[in-house]
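One chain follows as structure tokens, the form predicted alone.
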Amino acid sequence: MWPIVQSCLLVLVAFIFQATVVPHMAVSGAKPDIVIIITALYGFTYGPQIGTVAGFFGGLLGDLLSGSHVGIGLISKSIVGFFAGLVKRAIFVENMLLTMLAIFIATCINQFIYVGFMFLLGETTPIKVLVTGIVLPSATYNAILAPFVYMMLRRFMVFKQEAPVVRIAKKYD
């Protein structure tokens, strides 16, 4: 239960940071998405359930702030959190290059899901502008920031050691 509460609190802090500071960190129009970085890192660390909850909460906050198309960010970030949790065993969060690559891919997936839903709602963006102007710059920015965000998150994350379950047969009770 604690990782769920903890992820929601950190996503809330990240959302406040995202809404207040990140607009001033834009480089050539590209802005980092701290919420998706935290969502993916929680998914990598705790699995699909916690990743999905973090994505759901972060996407909901983002959608409520934007005021239009409520639910699209919620769905896209939840999906990213879920799939980040599925690759939990394959990504060693301690290896920063793998983590940066995974955050890059997670950001691309989030952007393409979001744009896919926007396309279904009738809003189109040329693919060249989408890839070169939005997806790649923000994914690169997120990948560069991922080690720094992870170092800050690591102080708050409680890592669970998996121990084998030992059962005693009933006849020995």
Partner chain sequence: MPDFFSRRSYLVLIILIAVSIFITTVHYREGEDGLIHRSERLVMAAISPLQAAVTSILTPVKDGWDYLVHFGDLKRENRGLKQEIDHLREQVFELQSLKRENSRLRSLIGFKDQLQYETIPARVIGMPASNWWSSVIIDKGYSDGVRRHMPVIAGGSLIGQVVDVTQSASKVTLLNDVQSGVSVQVESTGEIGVVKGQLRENRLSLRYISRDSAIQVGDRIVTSGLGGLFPRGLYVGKVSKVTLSGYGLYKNVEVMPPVDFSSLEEVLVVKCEPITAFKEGN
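All figures in this text were calculated on a predicted structure; none of them were measured in a lab. Positions refer to the first chain, counted from 1.
Another form, the form predicted together with the partner chain, is not on view; read the next lines as being about it.
Student: Does the 4.5 Å heavy atom contact test between Ser66 and the partner chain in the predicted complex come out positive?
Tutor: Ser66 belongs to the contact set for the partner chain.
Student: Using a 4.5 angstroms cut-off on non-hydrogen atoms, would Phe104 count as touching the partner chain in the predicted complex?
Tutor: No, Phe104 stays farther than 4.5 Å from the partner chain in the predicted complex.
Student: Wondering, does Ile144 line up within 4.5 Å of the partner chain in the predicted complex on heavy atoms?
Tutor: Output for Ile144 is no: heavy atoms all beyond 4.5 Å of the partner chain.
Student: Even though the partner isn't displayed, in the predicted complex is His24 close enough to the partner chain, meaning a heavy atom within 4.5 Å?
Tutor: So His24 counts as contacting the partner chain.
Student: Since the partner is left out here, which residues of 99-119 would have a heavy atom within 4.5 Å of the partner chain in the predicted complex?
Tutor: Stretch hits, in order: Gln111, Tyr114, Val115, Met118.
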